[in-house]
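Coming up is one lone chain in structure tokens, specifically the form predicted on its own.
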């Protein structure tokens, strides 16, 4: 955790809206369990699982056990689970029913909640339901006293710049900015946070981190899974809204930002906004040259046949929602002018792999023209975010022997010792919510400028409703996305 704002009183209740949904089950509960395992959860913190199913606490506990056993496997410990599950109570309610919030308010006032005055409301729900929950929290008085409780909002924040602005105005009508935690779990990853140290604590690196030495930057978030049961949301969102506008844009800002005056919440976010404001606008006539979209068709993932996107349950027939997007951006400032940033993300790709790859320019003088080594590959710095977290450089050395041949070696920056276990990104951010540290959360002007960057692409694609490229599941997408590259010697880097 980066030291940021001074924390206020630690919350004693944590309400999870959408407690039986995909997000809470797959991401939130394993992370909370990890915090329990690490002894990081405050004593007396109580969770309220808010959902619509006709369950009692026993049925809820059975659901929680099954989901954690399935996810954690060998890590699941019965004694630890009993300790963890004792923090939970189940509350049946409807997001659109004001009476449910009145009942929730009474629940939070019961003695087992410890006379709690500071509550976290976690929105593990569809973005289309954010406004409803915010209004009902206000009408039921659950946002009082103002300035005390905290709300955690998942991405995407809006579906375009207009809706994001309207949602932000609504939230600010009932909550202060200091109460709003816009979460992007990529910012909780160790490698992402270590990027700041890698850049700004090493005089070896920072002088080279500019247009004079770097040829281009690639940011890839590849998934081998499909959309699962998320068709209702995903078919309206697509890869650009779901991933690129938030996750990948946040990674871009951390790669490109200037050193902040201090590692404090607003100082860090000020520098990220400067990057977003410096991204060159994409004219409508140039969208085709800056962005490419496609949709997965049937294919094989790790030897198993999988259906195409249009055959997934809940997807509209003849849908042209993109499951793959690649885009090129330029940052028009002193550090990055002329350096292309290539971003891509997709589902049903060959492997699950997320990384930031920085390619350096070729040496200005070719000393090996009169030798068998007529050209050499460029140097790279590669930061792997998942499935492993690592950082390494690629440099050339001479191979042993009489000839002038080189080979590439990797200098690995291993920052985790053997006995140190990583803390899940969600767990890191939840702990920050509890401690009142907003450093790794997103301020609204970041959201606004991210939408401004991608808005021309969205508007253009909304007019092109007749056709979308397809790629076979289990591939790396279509070669046609390579048309975004500025030179023939640039290509996608798929492996570490």
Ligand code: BG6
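Numbering follows the first chain given and starts at 1. Quantities reported herein were computed from a predicted structural model and do not represent experimental measurements.
From this point on, the text means the form predicted in complex with 6-O-phosphono-beta-D-glucopyranose, which you will not see here.
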property	result
Partner contact for residue 155 in the model of the complex: 6-O-phosphono-beta-D-glucopyranose, 4.5 angstroms, heavy atom	yes
6-O-phosphono-beta-D-glucopyranose contact at residue 230 in the model of the complex, heavy atom, 4.5 Å	yes
Partner proximity in the model of the complex: residue 223 to 6-O-phosphono-beta-D-glucopyranose, non-hydrogen atom cutoff 4.5 Å	yes
Contact test in the model of the complex: residue 243 vs 6-O-phosphono-beta-D-glucopyranose, heavy atoms, 4.5 Å	yes
Interface stretch in the model of the complex with 6-O-phosphono-beta-D-glucopyranose - options 178-186, 73-81, 316-324, 290-298, non-hydrogen atom within 4.5 Å	178-186
Triplet 27, 247 and 386 all within 4.5 Å of 6-O-phosphono-beta-D-glucopyranose in the model of the complex via a heavy atom	yes
Partner-contacting position among 272, 359, 347, 149 - heavy atom within 4.5 Å of 6-O-phosphono-beta-D-glucopyranose in the model of the complex	347
